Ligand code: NAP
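Next comes just one chain, in structure tokens: the form predicted alone.
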């Protein structure tokens, strides 16, 4: 029996166990995936404990994606550039950190709404861990990435971090109506990576809604609620829209590929996630 799991705090809300365990059952893989609540003071012990117990790997969620880095022995290039780890592989004495968020985002975007990043311009709202992973993934392609954040210096730091690997230098936009309006005219795709639109802020948008036009494609990585105010407004305008369900599934798929070099039953993971979300409504 292989052991896997996810560490975070809080963790009871995580939908990763239902996704992974459903996939294990579907292909009759002898493995189990468990949620693990970890206190920050015990983070090092938690990672070493998982290694000592023979875990194949673990996922990492909020608030530990950056905090686990000092306890790793290796990092993939993507994880190092992004400065964030959501997947760990235990391999002999090695503890290897990786990020699947960016690749998962791109795969979901291409598979669900048919957006190929090449030649496109993207406005990324936010500069946290998810924004870093997504912006890095996009900047590896021949596309233009615009960055904006409530705190401008965070967006500027992100742009600086990406410059060495970006095909086109990211452009930072002040989070002001006039500046955003100019950027929106250049961008085909708008991506929200902030938490604005979740339950506590469900009547708010991270972006001035009057700047949207029906030509835009709008992605919000929030998956609960399934349709944020931003997505609802964009859909009613006739925009192509996508929520965060696909990214959640495909980052898990990429974790399987990192752990075992195999692709799980994606349709099973989608259905398990949708069933779980529906039961919470």
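Numbering follows the first chain given and starts at 1. Worth saying up front: this structure is predicted, and the values here are computed from it rather than measured.
One more form of this protein, predicted in complex with this ligand, exists but is not displayed; see below.
Interface membership of residue 193, defined by any non-hydrogen atom within 4.5 Å of this ligand in the predicted complex, is confirmed. At a distance threshold of 4.5 angstroms between non-hydrogen atoms, residue 126 is in contact with this ligand in the predicted complex. In the predicted complex, this ligand sits within 4.5 Å of a heavy atom of residue 247. Heavy atoms of residue 202 never reach within 4.5 Å of this ligand in the predicted complex, leaving it off the interface.
Residue 222 is the only one of 253, 222, 47, 60 with a heavy atom lying within 4.5 Å of this ligand in the predicted complex. Among 177, 74, 151, 160, the residue placing a heavy atom within 4.5 Å of this ligand in the predicted complex is 151.
Of the candidate stretches 110 to 118, 75 to 83, 177 to 185, 128 to 136, only 128 to 136 has residues with heavy atoms within 4.5 Å of this ligand in the predicted complex. Contacts between 175 to 189 and this ligand, taken as any heavy atom within 4.5 Å in the predicted complex, involve no residue at all.
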